[in-house]
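Given next are two forms of a protein chain, the same chain in both, each as structure tokens and marked structure 1 or structure 2.
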Structure 1
């Protein structure tokens, strides 16, 4: 599939606007997201301040967006990006089913992720807290682990971990009854916080504590830091300057993920700025390689 000039992640107003501007500037753009565009747009009741479309309803605005990208010949690649790796002068984007995309620059327009990390979670990441059971399972041979899972689809990961580890506690954060191997102990408690305790991790719950070698947290939503390793964030947002630049050269962010106010027209405007910054970045790279 070759290397794209710009990969845009997200199909809300910020992402669409970035893809449009990138296309206008004749760059090879990969637009990743949902063909339904943004639920946050579609479900809006009435939007009073979107320039040119007074009092548009969410569906009306969404249809106008769709018409715009259709007319420009922009297509959406429906895929969920799990990780974006900065390789130096390009990025590798890892999609579902391990499809890899390559792009020289990246524009993050994924919206904000709700849900805060647990106290003690980020401090201990890689030191007893992990987000990937299949990645780190082998390091838990002869040890025990706690899995905190937010959806039934994580159950195979816990089963995999249980093949390696001595004992696995499984805390489902959903209502369905987990279908797990018999080796796994299901614990219906609410995690509150986690902390290091000597060589172990201590998980504090609403009903006592669990001492364990490691805690695996398997969530649906990915925080920006997890999505792009090495990215500097500011709370739930990506830290950007007025050109929508992040701390990583060639990586830009726009829309809700870049901070408040959460407004459709602001997102669209920032998408435009991010795309133009990406274009300058690409031109600069080209100049330097000559």
Structure 2
């Protein structure tokens, strides 16, 4: 696989624009996200202010995006990144099933994470709370765990966890009826908070408590400060300058994650800027090494 020049996380307008610009500048680009592109775009009724596509529907705009990356030979690696670690002059990205990617620079284009973390979530991250069931499943052999899932696509992770753990409680935060292994107990309760209880975790719900060995929170996206240790944020957004630079060298952010207004055309423009900044960063590293 080797090390990429630029890893772009997110397949909305910002991420696609960044991947296109990075590719045009002849950089080795890894584009991570959903092959369905952005559902937020696809489901839009009419988009009145996207330059060159007046009154385009969401499906029309999404099709145009897909055609563009196809013609440029840009492939999407369908994986959810659970953590990004700075290693000095490059980054390591942890995907599902503990797959690791390396990139010299990273562009965050993951959108805004809806909702606030649960009380006790951030404090217990890595010590009873996790965002990746397939990554940590082996740690739960002979134990029990709770999965709080925000979309049906997370169900395979719970099934995988159930192959290792003695018992898995599954709390769906969506309307559809879960299709899960018979080994999994579906719990129709609303999570309220989580806390340590000796060597175990306690999940407090609106209808009692669940004592467990671990809690997995499977959301569409992970908040940026939890995704990238040391990243400076401003509320739900990543703090960036006009070049889309974050406080971390080689790490850039664009689109909704970089702040309002939440507009498709603004996101695409920022993706372009972020990629140009990443290219400048890479070129500067090359000059320093000579």
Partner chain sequence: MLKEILNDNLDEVKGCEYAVVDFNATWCGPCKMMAPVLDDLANEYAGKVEFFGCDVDENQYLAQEYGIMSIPCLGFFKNGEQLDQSIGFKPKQVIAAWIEGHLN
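Residue numbers count along the first chain shown, from 1. If you superpose the two forms and keep the largest set of C-alpha atoms that fall within 1.5 Å, you have the rigid core. A quick note: this is a predicted structure, and the numbers were derived from the prediction, not measured.
Remark: structure 2 matches the stated condition (the form predicted on its own).
A movement of the C-alpha atom of residue 101 falling short of 2 angstroms is seen between structure 1 and structure 2 when the two forms are aligned on their rigid core. The rigid-core alignment places the CA of residue 63 less than 2 Å apart between structure 1 and structure 2. Relative to the superposed rigid core, residue 221 undergoes a CA displacement of at least 2 Å between structure 1 and structure 2. With the core fitted, the CA of residue 171 sits 9.0 Å away from its counterpart between structure 1 and structure 2. In the core-aligned comparison between structure 1 and structure 2, the Cα atom of residue 131 sits 7.0 Å away from its counterpart.
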